[in-house]
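First, one chain by itself in structure tokens, the form predicted alone.
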């Protein structure tokens, strides 16, 4: 397991979340000013400086439910609200999209290009907000500084860590099914044609060497796929052509997106029992959430500002049906972490909240602190 995986997982899933929310805001004809506020608020929270500093510290990945809690809070960082069914669908779409991108990366190192594609698109969302742009660019530079110097072996370990995280997720997504890149069982179809990884050769030639390392014979063979050599390598700098299209916005052309539980996903009930049993990582997960959630504030509409509910389904009836038919073990309503017997954890959370209040004094900080403590008590 790589201790450098969490920032890439968080930023790419966050990028997919923003793509989906942007598409749904447009589909529901939310007024432009409100839509911009939602996107700006979420991106501002996502790239909070303290939050990013904590995120980039070397650490293991935590459970899916712990991460899901962070995205639930992030999605509600503005005046927009999602109910349980829409939040479930949002998270399903995010995770399956990034899983597909990881599987299709030509080289493990190209996961970084996928991340850069997401950050490039996020910058387009906030092109008229220079302050937020600076936050994103700061994270961009941090990524370049930390990850550009990693070896291919380290990126392979990051890729393996991501695939282990995604291995039991087989949610069917309508876009993938229509494009014939996903089977009816929720598993992805890997292409056998197209560009080969940068720095490699098109398959079809066998070279035979003697014991001295001298080539003595060549043989050619026919491949089943139509492979081509890539024209150039994608840019790993702050600005540049990434070449790779994985991680770009697949919702830029509006079309309905549905998710369905595959048979393999429905059979995860036995794994879901971990929620009921004592979690050996409970202390670490609680510590992780205390640090991360400490930087995420849920916004409440101020003054005459009115909030609104976003629906990720076509109709309210579809949303209600999805909530009723979703297997209980695949919902993320409760995380069973015993925190009440750990006063030290509450003290740590209070310390974090205190620091935030000093750094950014707000008249309703006490109310938000109580809201956060209530959330942690419910974990």
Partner chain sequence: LPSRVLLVLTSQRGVQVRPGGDPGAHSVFARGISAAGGRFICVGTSFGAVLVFDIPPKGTNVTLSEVLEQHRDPVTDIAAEQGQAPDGAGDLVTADDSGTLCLWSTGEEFTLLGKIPGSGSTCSSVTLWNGIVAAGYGNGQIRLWEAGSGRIRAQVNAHARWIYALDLAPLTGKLLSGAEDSFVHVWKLSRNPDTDDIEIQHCHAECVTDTQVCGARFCDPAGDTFAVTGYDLSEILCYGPA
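Numbering follows the first chain given and starts at 1. Remember, predicted model here, so these are calculated numbers, not experimental data.
A second form of this protein, the form predicted together with its partner chain, is not displayed here; the remarks below concern that form.
Is every one of 23, 40 and 171 within 4.5 Å of its partner chain in the predicted complex, counting heavy atoms? No, none of 23, 40 and 171 comes within 4.5 Å of its partner chain in the predicted complex.
Since exactly one of 243, 157, 121, 238 fits, which has a heavy atom within 4.5 Å of its partner chain in the predicted complex? That would be 157.
Name the stretch, out of 127-135, 220-228, 85-93, 112-120, where some heavy atom lies within 4.5 Å of its partner chain in the predicted complex. Stretch with heavy atoms near the partner: 220-228.
Residue 201 versus its partner chain, in the predicted complex: is there a non-hydrogen atom within 4.5 Å? Yes - in the predicted complex, heavy atoms of residue 201 and its partner chain come within 4.5 Å of each other.
Distance check, residue 151 to its partner chain in the predicted complex, heavy atom within 4.5 Å: Yes.
Residue 207, heavy atom within 4.5 angstroms of its partner chain in the predicted complex: Although its partner chain is absent here, residue 207 would touch it in the predicted complex, with heavy atoms inside 4.5 Å.
Is it the case that residue 183, even though its partner is missing from this view, gets within 4.5 Å of its partner chain in the predicted complex, heavy atoms only? Although its partner chain is absent here, residue 183 would touch it in the predicted complex, with heavy atoms inside 4.5 Å.
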